[in-house]
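Next comes just one chain, in structure tokens: the form predicted on its own.
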Amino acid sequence: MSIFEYNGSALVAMVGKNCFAIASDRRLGVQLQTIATDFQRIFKIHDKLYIGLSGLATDVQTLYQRLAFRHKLYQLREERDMKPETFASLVSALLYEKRFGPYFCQPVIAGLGDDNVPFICTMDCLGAKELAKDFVVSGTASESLYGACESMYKPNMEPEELFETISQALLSSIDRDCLSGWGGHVFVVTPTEVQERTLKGRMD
């Protein structure tokens, strides 16, 4: 078993019309044993920027703390919030610094940039970025997430339809992966508001 699969995870970010959604499962396991059913994988950097971290749970928490620290330093120095593209480059550089002993995380970054244009990207544990215009996935359920998102996604969805699409894609995918599951956590971010919802899924 890969170290990335040790705790199990499922992450997906999807683009809508001047909005985006990011969702994750809630299970924390040690291989096939479930330890917690309310584990947080999606973190807020600022009002229009979120990061999801799949992979090893200890590294998820460590990496988030380092990224939050770097962003606070940036806010103090620049007196503004970081753009999503800039933040993606920061995460990439931070991961590549540790390339000989990497953080076992695969981040998913989602944010609203200039003129509220959605930006999503994912990267591997060494910081190699993969940009997308529709959706990105990460975690142990990524293969089934690709299939579900590929068939359900359509461009320029309104926030409510985007929530429905990403939720159905996440729930149907984690049912096909035994290392992730136990419901989901969904954030839908628009220029004016953030909707946070918890999904109920199969409890096995």
Partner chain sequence: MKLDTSGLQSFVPLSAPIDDLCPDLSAPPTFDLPRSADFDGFQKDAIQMVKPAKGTTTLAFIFKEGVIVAADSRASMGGYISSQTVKKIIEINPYMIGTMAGGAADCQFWHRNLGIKCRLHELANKRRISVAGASKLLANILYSYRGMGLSVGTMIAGWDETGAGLYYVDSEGGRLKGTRFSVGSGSPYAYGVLDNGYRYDMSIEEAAELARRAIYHATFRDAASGGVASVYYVGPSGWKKLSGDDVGELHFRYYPVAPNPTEQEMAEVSPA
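Remember, it's a predicted structure, so these values are computed and weren't measured experimentally. Numbering follows the first chain given and starts at 1.
The next section is about a form of this same protein that is not shown, the form predicted together with its partner chain.
- Remark: of stretches 160 to 168, 47 to 55, 61 to 69, 32 to 40, the one touching its partner chain in the predicted complex is 32 to 40 (heavy atom within 4.5 Å).
- At the 4.5 Å threshold, heavy atoms of Arg197 stay clear of its partner chain in the predicted complex, well away from it.
- Using a 4.5 angstroms threshold between heavy atoms, Met203 counts as touching its partner chain in the predicted complex.
- Taking the partner from the other structure, its partner chain in the predicted complex has a heavy atom within 4.5 Å of a heavy atom of Cys178.
- Remark: Trp182 counts among the residues lining its partner chain in the predicted complex, judged by a heavy atom distance of 4.5 Å or less.
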